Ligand code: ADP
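Next up: just one chain, as structure tokens, the form predicted on its own.
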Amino acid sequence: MFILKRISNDPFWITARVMLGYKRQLAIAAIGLIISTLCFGAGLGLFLPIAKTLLNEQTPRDVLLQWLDHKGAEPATPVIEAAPGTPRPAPRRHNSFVPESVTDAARDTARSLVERIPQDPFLGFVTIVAVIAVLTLIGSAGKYLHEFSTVTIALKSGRVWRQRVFRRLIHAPMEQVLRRGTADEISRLIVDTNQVTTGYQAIFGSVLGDLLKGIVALGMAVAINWRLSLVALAGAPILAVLLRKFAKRIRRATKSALRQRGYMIAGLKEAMGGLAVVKVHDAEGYERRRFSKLNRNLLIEQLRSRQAKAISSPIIETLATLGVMVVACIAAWLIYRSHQPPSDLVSVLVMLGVAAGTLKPVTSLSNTLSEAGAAAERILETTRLPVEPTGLDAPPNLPVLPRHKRDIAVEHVTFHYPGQEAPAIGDVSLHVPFGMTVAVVGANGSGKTTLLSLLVRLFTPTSGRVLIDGADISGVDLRSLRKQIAVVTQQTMLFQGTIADNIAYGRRHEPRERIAAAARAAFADEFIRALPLGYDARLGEDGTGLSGGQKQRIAIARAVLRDAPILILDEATSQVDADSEAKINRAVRELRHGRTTFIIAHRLSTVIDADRIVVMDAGRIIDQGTHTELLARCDIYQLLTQTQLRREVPAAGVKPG
């Protein structure tokens, strides 16, 4: 009961329950395993007739006839071939589960087959060997069926866990993602699930078959001479304790190594994602040294488990061999001092040797399960992350937010990032009527992007609330809220696929006509049609092959297609050339009509075009008004126009103050 309770609470066995979803494949694997084990047991059971033949005690035929005629009875003298017509001894019937007619028929069939074995010792020996060969072939077929099905189940189960982990990550709140980092979570998704899959293959694959064969061999040894077999089993508790100690050390070390692998992935993401920056700053050497340090730390963590891995198998095998040697000495004493039949004792030694041989894969299994258990623990940690209330995770009966048409209000909102004492947003209030364009300006770190992220509910305010048309967005259906908002960010994110797929991202069923219309509105149609495949041109990683301005116009086309009443532009023109900026600004002016628009910008040409400018500093709104009003009274805005906002030439006919 204690063992079952531990297994039910072990992370690895918790994750292994997913395999129960493949009942058909499990049944096939079980059939193959049963066939393989039964053939092995039958072949091993035929060793006793071979031993008695080699020791000139009995022929194989006599041994098997004796076993059939006296199964379940007290030990009898060897059976001598009866003269024709002599009635055979009546077998003792004791099977209460199977009808006597069935057992009688089975026994008669078996006896008729045994009687076909030649009486000659050599020919009988060869016949038994041939039978063992046939059983080996059948068992091998069963083993193939078992391992093929087991690998299939393990791989499918690994796919299920990768899907579950990704689903949890993609639906996790932004606070959780920022706090935990993405690199370690990617490691859990790829590396840890692979480690768990290896554990599934080990426990249900060939190792399980070897373990069952060892149990069969041990059972036969007990059946032949249980006293001698119990002597061999005396050391089993010691072996179990040692395996458990080794397993604990390996699991702790593996968990640390998996965590360190996550750090390595983070370093790789930074180095390869910013490869251009690395090269232009001649930082290849620095990145090599940084990776070398990460690689060395990973090796250190991996080496922590090497002693337990290296020593476990030799110790277990040595103890098992010593146990068999002790049993062999006792058997020799029984043969030479007590004059017991050597064939039985030799058979026991052989079967105990076979059982001891399975301890090596059992030791390997223990190590593999320890590593898989550490990975399973990390996987379960990820699957316990909270999720945003969308889709199947949305609470029932949440009101749907109607299409925005009145106003947006931010009331005394404060927000802290995880682990930060100072608030990123502190007691901010703002009211924006429908259709207004609001530019939000401020130094880096002033809270501009965070404020607008609260509007999309990427973050939840620590205190205060955000209202759209009087409805608190924390109490409405999240998807209905986000359908109201289109966002164009400074760092344009494009995905591998066609240009049409990227424009219709999140709206994959849109007809091509609407996609093209959105591209025309974003002044992207011209350069798209100039590509060899037009809208069907496939983009590489992060939109490789397109300029920054072209990427931004595709992102704007995506926002146009969304047709949302609220538009958020986060420095959408900060990294493009003048021609692209002009086209993007034209597209934005068209897109703003009939929408409430929030613009984060560092360019005066964008800011002075807004209906209202909100100035932020240190997470607070310092002032708000028109460009002229703020120039007259706001020192921070004056400083911004002299530093950040004055860097770009303003629109024609407009002079910065």
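All values derive from a computational prediction rather than experimental measurement. We number the residues from 1 along the sequence you see.
Beyond the structure shown, there is the form predicted together with adenosine-5'-diphosphate (ADP), which is absent from this document and is the topic of what follows.
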Would you say all of 458, 480 and 565 touch adenosine-5'-diphosphate (ADP) in the predicted bound form, counting a heavy atom within 4.5 Å as a touch?
no
Does residue 426 make contact with adenosine-5'-diphosphate (ADP) in the predicted bound form, using a 4.5 Å heavy atom cut-off?
no
Would you please decide whether residue 420 lies within 4.5 angstroms of adenosine-5'-diphosphate (ADP) in the predicted bound form, comparing each non-hydrogen atom pair?
yes
Close approach of residue 435 to adenosine-5'-diphosphate (ADP) in the predicted bound form, 4.5 Å, heavy atom
no
Close approach of residue 124 to adenosine-5'-diphosphate (ADP) in the predicted bound form, 4.5 Å, heavy atom:
no
Just one of 146, 553, 188, 448 has a heavy atom within 4.5 Å of adenosine-5'-diphosphate (ADP) in the predicted bound form. Which one?
448
Which one, 315, 132, 271, 443, lies within 4.5 Å of adenosine-5'-diphosphate (ADP) in the predicted bound form by heavy atoms?
443
Determine which one of 405-413, 449-457, 581-589, 156-164 lies within 4.5 Å of adenosine-5'-diphosphate (ADP) in the predicted bound form, judging by heavy atom distances; exactly one does.
449-457
Neighbours of adenosine-5'-diphosphate (ADP) in the predicted bound form among 245-268 [non-hydrogen atom within 4.5 angstroms]:
none
